[in-house]
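First, one chain by itself: the form predicted alone, in structure tokens.
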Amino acid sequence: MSTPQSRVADAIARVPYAKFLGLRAELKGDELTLIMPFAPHLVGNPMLPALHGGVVGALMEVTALTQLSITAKSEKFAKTIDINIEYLRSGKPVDTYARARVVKIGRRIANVQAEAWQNERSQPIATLHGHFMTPETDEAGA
């Protein structure tokens, strides 16, 4: 019998880009934290060095999709409609963490916010606001 933690880990392992990023999950109750361990291939600007913005954005998008799946109690990931990312600070070459909060799940669309941080959660390096098509809507339209 699988645990919620192992189901989340299995779901993330099915996403090839999440595997490339080396993402791992910590689940406490319904609260998910995704961790992206630092690796040299994640650096976008070697002169600073700083994490590539796409890497930070992907971390937050996968976090939002996974948290939405947990909250909606769905085995399927939602589909991204649009996301808006605000880059607040340069991502340093250290481990990065992300959490998401589902603001609302409607019949068709879910509204999710996420943030990524490194040393202190009170100083996020980026935030995400996204709209996602819920899996039930996708099935009904297919």
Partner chain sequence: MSDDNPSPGENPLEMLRAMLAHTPQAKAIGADITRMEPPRVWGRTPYREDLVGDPETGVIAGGVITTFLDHISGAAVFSSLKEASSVATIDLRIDYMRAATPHKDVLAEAHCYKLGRNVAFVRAIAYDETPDDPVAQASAAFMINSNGRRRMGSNLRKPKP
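Since the model is a prediction, treat every value here as computed from it, not as a measurement. The term rigid core refers to the maximal set of C-alpha atoms that superpose within 1.5 Å between the two forms. Positions refer to the first chain, counted from 1.
Note that the form predicted together with the partner chain isn't included here; everything after this is about it.
- Of the residues given (28, 41, 107, 73), 41 alone sits with a heavy atom within 4.5 Å of the partner chain in the predicted complex.
- The closest non-hydrogen atom of residue 35 lies beyond 4.5 Å of the partner chain in the predicted complex.
- Residue contact check for residue 115: none of its heavy atoms lie within 4.5 Å of the partner chain in the predicted complex.
- Although the partner is absent here, residue 102 lies well away from the partner chain in the predicted complex, with no heavy atom inside 4.5 Å.
- Remark: residue 121 does not count among the residues lining the partner chain in the predicted complex, judged by a heavy atom distance of 4.5 Å or less.
- Along 32 to 71, residues 40, 41, 42, 43, 44, 45, 46, 47, 48, 49, 50, 52, 53, 54, 55, 58, 61 each place a heavy atom within 4.5 Å of the partner chain in the predicted complex.
- If you fit the rigid core between the shown form and the other one, you'll see the Cα of residue 10 move by 2 angstroms or more.
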